[in-house]
Structures are given as C-alpha cells and as structure tokens.
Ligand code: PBG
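Consider the single chain below, provided in structure tokens and representing the form predicted on its own.
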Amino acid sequence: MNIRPRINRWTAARRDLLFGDSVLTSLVQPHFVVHGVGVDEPIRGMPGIHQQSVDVLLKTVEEDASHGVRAVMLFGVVDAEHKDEHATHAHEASSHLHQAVLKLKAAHGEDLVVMTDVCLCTATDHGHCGLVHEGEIVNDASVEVLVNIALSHAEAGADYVCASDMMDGRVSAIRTAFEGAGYTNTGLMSYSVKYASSFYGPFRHAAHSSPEFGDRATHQMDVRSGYAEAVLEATMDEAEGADIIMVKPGLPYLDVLRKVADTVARPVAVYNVSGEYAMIMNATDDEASRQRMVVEVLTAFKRAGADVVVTYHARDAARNGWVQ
C-alpha cells in the first residue's frame, strides 16, 4: 500500500497536530542537533535559536513541551570531517541525530511528534541535496541514498521523515521501502512545493549546508513558476504516498499554499523559513510589537490553508502565551 490514512491517526499527538482546532497544537519547532556534550551555540542571524547537543536538546524540548509544543523537526549538523560525497554519515545509526530521535522517543513516547529531515546537503562535502556526477546533480542514484537515510530514521523511531531534497520519485521510493521493511506506521512529509528561494540563508549557516559550487535551481522550483507546477508537484507526491504535503517558504507563497490546500486531500504544512523568522526578530526589540507580528503571520498561514506550521517562532509563541 502506498497510502495508509491511519498513519496520520496513529497517536493522539499526531491527531492533535494535524486535525486540532488550535493554532498552538499545529506548531512544529525546528532544532539543529550537533555532536558533543553541553553544546548550546547561538546561531548568527536567528536570535533565540541554537545549535544543541543531544543532552541540551532533551532539556529544551522538555521545557517546550511543558508549554504545549508537542512536535519537533530535527536537522542533523554534520562536522566537516564526517562529510563525504555520498552523505554516508546521514544514515549512520550512531549519529547524534539518530541518538536524538531515540532519546526523545524514550523520554516522551507517543506524546511528542518527532520529525526528521531527510536530505543529503548537510552530510555531503559539496553541500548539494543530491549526489554529484561530472558536475551535475543526479536524480535516481540520489534517491537510493535518500531511501537509506529515511529507513535509518524510521528504525530510530521517527514519527515522520521529511524529504526536503526535491528529487523526482523519492516519495514513492521511500514509501515502497517502508512497506518492505514493515514501517507501516511511519509517516512521510514531502517538501512537495519547495522553491529555490532567497530566504534560506540563515538556515544554511545553521545547518552547514551551503553548496560549495553552483546552486539548487535544477531541483528546487523556480520562483517564477505558476500554480500549475505547484499543483503538479503536490498531487504527484500525494499519489506516491506522502502523508503530509509541504509548501516552502511561507510568506511569499501564501497564494500557492491556498491553491495546494484546495487541491490535495492530505494535510498541508508550511515552513516559515529562517529568512522570514530573521526579518521579524531583527525588525524590533519591542516584545509587544513582535508578538503582534508573529500572531499575524501564524494567522495568515492558517487562513491560507496550513494544517501544520513549521516555525522558529513556536517556542516564543507557546512560552509567552501568544497563541492558544
């Protein structure tokens, strides 16, 4: 089976995230996980967001959960000495990302939705989202590696693996692999409509994922493309077995988000990306003004059709009681 509707109903936390009528329960807080102990390093350009080792991450997630943030998205930050052209470290079970999944699920069980990023860019020495052959990003060989990464995350206990690479056919390949390996309750979020945006800069610094050469224009969507391509990408991934359809970035593409939400039957997520976050955080030091901005942005995402909002504002919104 390539479509299993029960996946999104598997736990109460998943149901609250996807089907709840609260803005708070729809929020997902991203985290950048690094190797080491006691690491809590602020990220340049993203006030309030840190790179954290697993021990610190566990405490942060515990505190966030106590305020109602019950979903996280984990990005593994790979040290340069562990990077190679095949992104080998990305599917090693001993990595800090895998250990973070294991320990978070051990601590929170079904009360926390743990999502993991599935891509090659953080673990390749060239920084691209796929394997590179003779200067070109190759699709099918990249999908094979993505499948291995997704399987390793499922084995660690992730609720959802999040394919952010934009390679053709990876949703079908991951779903088929999950079926074959018996991971029939592991969800798949597809970054179906992901643009080659200028708003990713702070994230690439945080994740150490900037490409060493060229750009990502051959696989991420052109910012000039119309609704037809967005709908094509979203409906293809839905048919291939994606449990959640992602639109990224958020603010410049509210119209696309609305179009996708009106087209697909699966839940729709939006990523309020690092550049969007930085604009608000650097716009004012006045908390009341910042609160109004954040609430306005989150309201816009929900109005445009987002069931799930991945945002770096989740922590502040929850801890300060900005949303309910």
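Not measured: the values here are computed from a predicted model. Residue numbers run from 1 along the displayed sequence.
This next part talks about the form predicted together with this ligand, which is not shown.
Listed residues 95, 152, 186, 164 were compared with this ligand in the predicted bound form; 164 is the one with a heavy atom within 4.5 Å.
Screening 244, 119, 174, 247 for any heavy atom within 4.5 Å of this ligand in the predicted bound form leaves a single hit, 119. Not displayed here, this ligand is kept clear of residue 82 by more than 4.5 Å at the level of heavy atoms in the predicted bound form. Interface membership of residue 191, defined by any non-hydrogen atom within 4.5 Å of this ligand in the predicted bound form, is confirmed. The shortest heavy atom separation between residue 77 and this ligand in the predicted bound form exceeds 4.5 Å.
Put simply, residue 129 is close to this ligand in the predicted bound form: some heavy atom of it is within 4.5 Å. Here the marked residues 91, 148 and 178 all miss this ligand in the predicted bound form; none has a heavy atom within 4.5 angstroms. Contact with this ligand in the predicted bound form, defined as any heavy atom within 4.5 Å, is confined among 47-55, 60-68, 281-289, 266-274 to 266-274.
Residues of 288-312 placing a heavy atom within 4.5 Å of this ligand in the predicted bound form: 312 alone.
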